[in-house]
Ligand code: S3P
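Before any questions on binding or motion, here is one chain by itself as structure tokens, the form predicted on its own.
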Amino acid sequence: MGNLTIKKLKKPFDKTISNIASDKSISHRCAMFSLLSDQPSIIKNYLRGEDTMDSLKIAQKLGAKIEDDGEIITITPPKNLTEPDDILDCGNAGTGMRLYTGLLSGIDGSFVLTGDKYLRNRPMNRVVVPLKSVGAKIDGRENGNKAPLHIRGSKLKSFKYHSPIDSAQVKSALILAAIQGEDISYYKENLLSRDHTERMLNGMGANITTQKDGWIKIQPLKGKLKPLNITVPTDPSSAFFFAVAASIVPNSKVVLKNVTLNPTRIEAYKILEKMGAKIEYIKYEDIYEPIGDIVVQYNSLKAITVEKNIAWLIDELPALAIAMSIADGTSVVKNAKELRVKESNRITSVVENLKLCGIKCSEVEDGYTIEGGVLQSATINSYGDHRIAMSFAIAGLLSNMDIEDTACIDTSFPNFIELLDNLK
């Protein structure tokens, strides 16, 4: 399990951080998308966290050869993916399970996906139901809503699917099924969710286009894709914890190096900027993804209402709640019901823990309200959720904080504690 004690900082900090965890979403996709090529993919700066390494192990069980010299990971795909003789363990990664479900739905064979006790209790219907509706054969507990999931893969027919939720995981699962289909498929969401899947697959030679009416047109593959040759950028979601730290600790500043500046990934920074934090974006590369540095400086924060572009900042909302808890006024988060189906019910997790810290707040079905105040020392329940644990670790920089069940941090962000200690 593991517990963590965070002590209040005694002075401001001015730091440059260049070794924040690599992007988790892109790392997962590197492991999976390499399987769609017939040549070795070269991946630098792959995130070596438990979740992403599990995705790599699954690629290996499907027949890929993995070489890792400590700096570069080379993934040589098999001529044909192998039906594994064992289950495929996704660990704690919802991204891993949901995207592999889409990928494997379009491949001939029998596949079983499972995960740890937390992942096995997370709802999978958001991916399973639409995949079933377009012909995928998937079963599991609660009729496929809970893992272990059994997938009887086969080439799917074309489809036209308008998703009721804006989710990069759902979109990616459907795209991965569609590119292996028999004819052109179409997918639509009301608000563009994170678009790493479209960017990366198109960079490998796929033909995925967004039309003027919002429908994403997905052409089936005519052969194998080109291999990846990519340096995975810093994860802006991981970096955001330190952006919040700089914005709440008086007179502090942080430079976050080599971050993806993809507009669908930096919305939380834009919200923090609107609250009053001083933020600068310095772009110097744009190949697979726009990449650059983000500079964040302390400034007094004011309350804000967050109700748009939720799909672009869903993972950062717990950390953003810490900034809201010390902002002047009452902040409101709306249209964020998806928070309830993350690693924990993050609406409840945020509200209950903020109350323990002496902050006035309340939850509603699709979000919460937070009245800015003074964070008090507390013992926090992480609910086994890495983002809850790390968000309240940042809160601990303003007041001593004891956080229970923090093994989840090692799973997703192995050097988080080291970086936090370096702020002292």
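In case it trips you up, residue 1 is the first one in the sequence shown, and so on. This one's a predicted model, so the numbers in the text were calculated from it and none came from an experiment.
Just so it is clear, the following notes concern the form predicted together with the named molecule, a form of the same protein that is not shown.
Interface residue remark: D166 is counted as part of the site for the named molecule in the predicted bound form, having a heavy atom within 4.5 Å. In the predicted bound form, the named molecule stays beyond 4.5 Å of every heavy atom belonging to M200. Proximity of T95 to the named molecule in the predicted bound form: non-hydrogen atoms within 4.5 Å are present. Of the heavy atoms in S22, none are within 4.5 Å of the named molecule in the predicted bound form. A heavy atom within 4.5 Å of the named molecule in the predicted bound form is found for exactly one of I291, I314, V112, I107: I314. This chain lacks the partner; the member of R126, K257, K146, K253 within 4.5 angstroms of the named molecule in the predicted bound form by a non-hydrogen atom is R126. Note on the interface: of 352-360, 23-31, 39-47, 392-400, the segment with non-hydrogen atoms within 4.5 angstroms of the named molecule in the predicted bound form is 23-31. Interface residues of 170-194, taken as those with a heavy atom within 4.5 Å of the named molecule in the predicted bound form (partner not displayed), are limited to R194.
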